[in-house]
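Given as structure tokens, the chain that follows is alone and in the form predicted on its own.
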């Protein structure tokens, strides 16, 4: 039997002066997880009756992350990643995956809210710390706009519509993310995203940022006109100038034909 092929984790963004916690950014990143060839222990033989989280973990997660979250060649260790990281990956449907992928995408969650809570508690029993699930409150939208422009817009776009990154990766759009998921992503840094711990962004700043992202979601209707795919002001301005240039050329040619008649 062949030895399972190791999964290569993609490189993180270049370090920012104020960004720490890169270990958390990889802890539950959307790595390619393939089922291990070795059989997974049956829940009835290893878990007490009624322990829903342990049962689900053995059925859906242990083959890649190890029975006690110690990690394997198919998946990283989960020891110490924290409840926020587990809840984010499960609630956004990025985990679990059934086939090898370069980047796990957002989809409908596989588990119910109660099952996700049970899995979060079970992974927490492996030990370690890690960010807790944030309790999001209303924040200042103006402050959140400034924070978003400085820390998020370079990858997610000025309007939060997402953008293509390097090596086939992309920064996803933010419109479907709940307030809790936005705050979780800020704290744990999923995938290529850097983590922003409390020393970098306070809880109040996270609330401000989350409130602004939710405002972006409500403005998707673009009552001012055609959104042009929400490409951002620079791209939209270039398209507008291109349209004006085409009209000018067409006008000049029309006047030239009139003058030749």
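Numbering follows the first chain given and starts at 1. This one's a predicted model, so the numbers in the text were calculated from it and none came from an experiment.
Not on display, but discussed next: the form predicted together with ligand HEC.
In the predicted complex, ligand HEC stays beyond 4.5 Å of every heavy atom belonging to residue 145.
Using a 4.5 angstroms limit between non-hydrogen atoms, residue 55 is distant from ligand HEC in the predicted complex.
In the predicted complex, ligand HEC stays beyond 4.5 Å of every heavy atom belonging to residue 124. Ligand HEC is not shown here, but in the predicted complex it comes within 4.5 Å of a heavy atom of residue 173. In the predicted complex, the residues of 63-87 lying within 4.5 Å of ligand HEC by at least one heavy atom are, in order, 63, 64, 65, 74, 75, 76, 78, 81, 85, 86.
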